[in-house]
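To begin, one chain is listed below as structure tokens, in the form predicted alone.
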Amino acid sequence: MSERRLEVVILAAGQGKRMKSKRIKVLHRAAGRALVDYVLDMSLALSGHAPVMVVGHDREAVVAHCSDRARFATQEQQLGTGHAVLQAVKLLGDLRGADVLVLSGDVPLTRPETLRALLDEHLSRAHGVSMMTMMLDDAGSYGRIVRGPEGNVERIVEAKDASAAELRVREVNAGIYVFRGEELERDLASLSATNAQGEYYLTDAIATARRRKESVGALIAEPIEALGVNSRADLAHVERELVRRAIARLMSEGVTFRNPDSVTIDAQVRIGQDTVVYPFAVLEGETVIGSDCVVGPGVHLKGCRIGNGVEIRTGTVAEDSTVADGATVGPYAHLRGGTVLGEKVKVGNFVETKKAVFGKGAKASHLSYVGDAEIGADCNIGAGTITCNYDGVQKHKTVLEDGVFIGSDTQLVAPIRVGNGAYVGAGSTITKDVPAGALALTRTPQRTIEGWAARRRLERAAKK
């Protein structure tokens, strides 16, 4: 529709005092990502190249987080939104033939399709400025949209500068703008700080455009798309919406949620078709779950890769772990970082693993700790088994070759290797390597004393 190029400016200089936080507002996380990450994604989707981000407070942290996705302009003093955009425009060079889209780094819920509709309105009608607005019953501190007799946007009045009649206006500024680049730098440089807050308002550029007889476009959007984060309550509201969208997307792709409102899920989580997610699951980070899985009640996965046909039972916790096709985990298992479970592995209730690799078909069904270990295919680890991997200074490795059987209540003192098909008897403490096919035992002979219990009772009675 137009050959004009698009430049994007993201405002991210504000501190966010109402967050009551040591962290700058745009780096607070919602649904697993920093607020500004969502805005950066929108920018790239629309323009195809890095935006200019205006930084100020805690600029080092913001630059470090966004350095590979943005260019940066610094606003040394926070003198208002008009002053902030002016700092960015100085980096954009010649803006003839360009439009400038201004976004806020703390407004993550705007949909790309809404911004495309705003840009289409701007270009098709050749507006000098276009903006996004919304209708609110209680407009609060939002700037009011003042329209002329024919319904055209004339200006925006900040709430602190508004008259009583203007404060009754329901249409308000959503804080997203598109400017024709040709006049933008000059318009910004001419702004005045003669207002209640002593700042250079970007909104005053609307009135400047109108004085040049340029039209101002306004696209009314849903209020949720313009929700900015100014408090912890706002952050919670934004996160609820991001989680709702993530679950809605996954359900449209063939995932079943037994109770969607009870599930916490990060925006980047991926789940395959016909997987069922039960209530109170928490799925975080870059977690990927395959098809035909069951994620049980209260399961917590963070940064995990789960294959197809896996059942993760009630209360299991796993972080930075990989589970292959057909495995069963839990209930109440704990997979710590570096755990890799092969196909059809079973890790049962109250089993803890850490940096443990299980071969195909291996089993640790209950009440065991397996750390810094390689477990071969078809091994069976009995209840109460412990790999003693830490000597107080260093970690050591346990290796069980294929087909090993470990009896219950065994301690494997690493470093140690148990050969193919070997057996370890229940109740053993194994400190030396076990050859393939051998049986290792460390039991003392059982001693039975007949009549001992009766004599003990008589002794106690005599003492009374």
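Residues carry their position along the shown sequence, with the first being 1. Predicted model, so just to flag it, every value in this text is computed and none were measured.
Beyond the structure shown, there is the form predicted together with a small molecule, which is absent from this document and is the topic of what follows.
Problem set entry | Phe72, Tyr278, Tyr369, Tyr201 - the one with a heavy atom within 4.5 Å of the small molecule in the predicted bound form | The option sitting close enough to the partner is Tyr201.
Exercise. Considering Asn173, Thr387, Ser130, Ser321, which brings a non-hydrogen atom within 4.5 Å of the small molecule in the predicted bound form?
Worked result: So the residue touching the small molecule in the predicted bound form, by this definition, is Asn173.
Problem set entry | Residue stretch of 183 to 191, 81 to 89, 344 to 352, 255 to 263 approaching the small molecule in the predicted bound form, non-hydrogen atom distance within 4.5 Å | Contact criterion met by 81 to 89 only.
For this session: May I ask you to check whether Gly105 falls inside a 4.5 Å heavy atom distance of the small molecule in the predicted bound form?
Result: The answer is yes: Gly105 has a heavy atom within 4.5 Å of the small molecule.
Exercise. Would Arg18 count as touching the small molecule in the predicted bound form under a 4.5 Å heavy atom rule?
Worked result: Close contact exists here: in the predicted bound form, Arg18 approaches the small molecule to within 4.5 Å, heavy atoms only.
For this session: Answer for Gly143 alone: is it within 4.5 Å of the small molecule in the predicted bound form, judged on heavy atom distances?
Result: Yes, contact at 4.5 Å.
Exercise. Wondering, does Asp99 line up within 4.5 Å of the small molecule in the predicted bound form on heavy atoms?
Worked result: Flag for Asp99 set to no.
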